[in-house]
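Shown here is one chain on its own, the form predicted alone, set out as structure tokens.
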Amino acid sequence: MTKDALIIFDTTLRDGEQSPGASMTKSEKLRIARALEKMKVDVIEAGFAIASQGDFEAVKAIADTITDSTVCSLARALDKDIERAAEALQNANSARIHTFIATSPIHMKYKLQMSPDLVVEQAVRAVKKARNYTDNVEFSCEDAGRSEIDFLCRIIEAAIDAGAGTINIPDTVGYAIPQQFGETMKTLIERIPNSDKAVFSVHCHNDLGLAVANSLSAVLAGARQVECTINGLGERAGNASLEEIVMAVRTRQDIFGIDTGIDTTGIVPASKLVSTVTGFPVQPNKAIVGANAFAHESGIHQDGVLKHRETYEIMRAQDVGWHTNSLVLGKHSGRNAFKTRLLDLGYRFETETLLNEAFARFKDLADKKHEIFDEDLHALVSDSVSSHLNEKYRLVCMSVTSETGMTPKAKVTIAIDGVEHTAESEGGGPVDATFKAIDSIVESGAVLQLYSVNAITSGTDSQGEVTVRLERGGRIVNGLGADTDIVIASAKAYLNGLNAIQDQGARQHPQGADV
């Protein structure tokens, strides 16, 4: 990439995963990483290698697998972080270490409890340490949005001299305003003597709904890398949305004069994959990837689009991947067609047994609903894979009675480590009765924080995808289940969440990971 091209740095697997309940398994991260690679994302931030053994293994697996994108690991400005990141990335075809330290007065005083001189010293030492492992080092000034401009100039100049090839200016708390943030970026590039030796980057949070606007303002001011996530996933209100950044630059070439190397036809499939894996549905009116993004109901709009598309559409739906919504498989489709379509969607099964089990689920689904869409396949595979992950609890069978004027009842049989247990319960509705029956067996102590149902496709035979969010002891997990019967989908989701919360290898991010 040249200074006249915009580098896309995707942090869905690192910052995006820090959304409460969005933790992903290693296999899920790999699927998303492959989708990002297929989309020609320049840099994939695969995780925070020192955060946990699970994070380390996920970063390593992605580094071992991805060949066309640079694979990056985050690291605090500490020797142990950088060494762990380097270990995870050692087999990468192209590796980057992304190290950071806080630079705002409030962070230096209260969080780091370090003087500005010591912060500069530690930043320089960290960059030099990282350069021992790779020539591709990125340095971030955490909370740059609230940092003093003179100090930013000082520490960035020192970091570039130490060997940082990318300098990232994060609006960590989403405090910036577009015009002001663009002026900050312009000032830094103009005032720092060696700024021409580095690519300037931006990483914006969406606390005020301005992440994309701030990022684009920085691009206009000279930033040539944007850090973003699929669907805007991320801590608190999220990050700048990759799809919005890419399509804004692509659509308004007259303003930006640069472009990305992204294959935009992969945007919608990647969005659906991330939504399915995390259990975070995309709102219908979400730009680019929302179900209504290219829908027109107004008669005037419909008439205009029919006469000339550009009257009301500034982008073509198929350019961002919406054409993939078409029917792809049916009950007569064979195993090879099923496998091939899943490969197109970024799914690879580690064993033939897993593939065969997923194919059997596909056949069962095809008997229940006539049309099988890509969204169905995403849900089916996630359901298939999740059933094999830490499966302490497994649904064996269930029956539910719900009748007008009568209290709903549920009878549930689940296997705990292979031993079957049965319980019955009443509830305010069939789902409530089901969850109470499960709780009477498991006694997990988990608190249900969220219950959400989404129709995967249209029609009364659509699969229902249920997301539950459970909390226990401060740990939050998502459970996901899909079925044409919404009550069965709910039971699957609840057990999936209970299985996840049993995993003692929970990822714990070090304080300050939110760059």
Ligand code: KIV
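Since this is a predicted model, take the numbers as computed values, not measurements. Start at 1 and count along the sequence shown; that's the residue number.
Quick note: we don't show the form predicted together with 3-methyl-2-oxobutanoic acid, though the next part is all about it.
Q: So in the model of the complex, is 3-methyl-2-oxobutanoic acid close enough to Glu142 to count as touching (4.5 Å, heavy atoms)?
A: Looking in the model of the complex, residue contacts with 3-methyl-2-oxobutanoic acid include Glu142, since a heavy atom lies within 4.5 Å.
Q: Evaluate Pro170 for contact with 3-methyl-2-oxobutanoic acid in the model of the complex, applying a 4.5 angstroms cut-off between non-hydrogen atoms, and reply yes or no.
A: The answer is yes: Pro170 has a heavy atom within 4.5 Å of 3-methyl-2-oxobutanoic acid.
Q: Answer yes if any heavy atom of Glu17 is within 4.5 Å of a heavy atom of 3-methyl-2-oxobutanoic acid in the model of the complex; otherwise answer no.
A: Output for Glu17 is no: heavy atoms all beyond 4.5 Å of 3-methyl-2-oxobutanoic acid.
Q: When the contact criterion is heavy atoms within 4.5 Å, does Phe100 count as touching 3-methyl-2-oxobutanoic acid in the model of the complex?
A: Contact check for Phe100: yes, within 4.5 Å of 3-methyl-2-oxobutanoic acid in the model of the complex.
Q: Considering Ile438, Val274, Leu74, Ile156, which brings a non-hydrogen atom within 4.5 Å of 3-methyl-2-oxobutanoic acid in the model of the complex?
A: Here the answer is residue option Leu74.
Q: In the model of the complex, which of the stretches 203-211, 403-411, 87-95, 126-134 has residues with heavy atoms within 4.5 Å of 3-methyl-2-oxobutanoic acid?
A: Going through the listed ranges, the match is 203-211.
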